[in-house]
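Just one chain is shown here, as structure tokens, and it is the form predicted alone.
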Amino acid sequence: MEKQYKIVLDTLGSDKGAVCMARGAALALEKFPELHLVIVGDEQLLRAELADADGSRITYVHGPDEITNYDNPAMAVFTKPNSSLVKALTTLADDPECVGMINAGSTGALLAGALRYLATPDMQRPALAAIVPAEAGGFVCLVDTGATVDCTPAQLVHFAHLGKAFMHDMYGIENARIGLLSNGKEEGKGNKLVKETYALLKADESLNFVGNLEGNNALSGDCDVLVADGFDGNQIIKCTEGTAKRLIKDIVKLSKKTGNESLMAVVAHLMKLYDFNSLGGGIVLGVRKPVIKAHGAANEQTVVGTAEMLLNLAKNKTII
């Protein structure tokens, strides 16, 4: 019998709701025969939606309360013990067979909960990494993308190590190249944080540091891990996604205006390349087990993509 991997899926908190997440769960179970899902949320609703799925590979955990983006993140984790998020995190923490978790709700609450239930023994600061397509092929790990907006140089160095380990375990990259986001590629460019971090990264012989990268080269593929504080990293992700959407819309308009239907092939290519839902989501690094934070607008394919990420990590025996 093929080895099965248990992944926890929090179905509440996303923009499109539990039904959408449940449908994504059905698709993931169909695509990955080695997958066993621990599905958390309104159990009655979920059982009805997944009545036709393989029940032998589903475990239901009743967590009917929802933590929303309007809740205070830290307070909600403490005051809503029956929320799907808390139930999902405690299940992940307590069940040794669970290899990871997917959530598409409040980022703040997820990070607060991950710190509470999945903290590492040394209690170092976790980071939120995003995997983005590189111009040269493959992917770039951008870290941090919003977990810590005000960072210290030591934290950025820690993020570099987390990103290096992730790219090794996810894509088999040996000695990943580390870049530092700055406003100039030359040594000495950047604000105080960047300059101090540059010196630390350069001095760390265990890191393959390749220097500064400007925003216009963030997705060039000139590095495998791009280190940034959470504020700047978050802006890179959102600007990339927003620019891609704008370009796609402009090409569609031009195709309609000129009657040149061949341009739609370009649209299809760009939509596939920059479909962040199908790529998966941001991953919380620095906790005992992998936790993926999907986009709030997650759809059915997001569940499939994030499940694939966690399966790949589990098969490599990764603990991030």
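Numbers for residues come from their place in the sequence shown, where the first is 1. What you are looking at is a predicted structure, and each value in this text was computed from that prediction instead of being measured. Here the rigid core means the biggest group of C-alpha atoms that line up within 1.5 Å when the two forms are laid on top of each other.
Another form exists, predicted together with a further copy of the same chain; not displayed. Remarks below refer to it.
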Can you work out whether a further copy of the same chain is within 4.5 angstroms of a heavy atom in all three of Asn183, Glu214 and His269 in the model of the complex? yes
Based on heavy atom distances of 4.5 Å or less, which listed stretch (109-117, 237-245, 75-83, 168-176) is in contact with a further copy of the same chain in the model of the complex? 237-245
Since only the chain is shown here, I'm wondering whether Ala48 would be in contact with a further copy of the same chain in the model of the complex (any heavy atom pair within 4.5 Å). no
Heavy atom to heavy atom, is Lys249 within 4.5 Å of a further copy of the same chain in the model of the complex? yes
Please tell me whether any heavy atom belonging to Pro133 falls inside 4.5 Å of a heavy atom of a further copy of the same chain, as the geometry stands in the model of the complex. yes
Thr59 near a further copy of the same chain in the model of the complex, any heavy atom under 4.5 Å? no
Of Val99, Leu207, Ala93, Val194, the only residue with a heavy atom within 4.5 Å of a further copy of the same chain in the model of the complex is Val194
Using the core for the fit, does the CA position of Asn260 change by 2 Å or more between this form and the one not shown? yes
Does Arg288 count as moved between this form and the one not shown, where moved means a C-alpha shift of 2 angstroms or more after fitting the rigid core? no
Could you tell me whether the Cα atom of His62 shifts by at least 2 Å between this form and the one not shown after core superposition? no
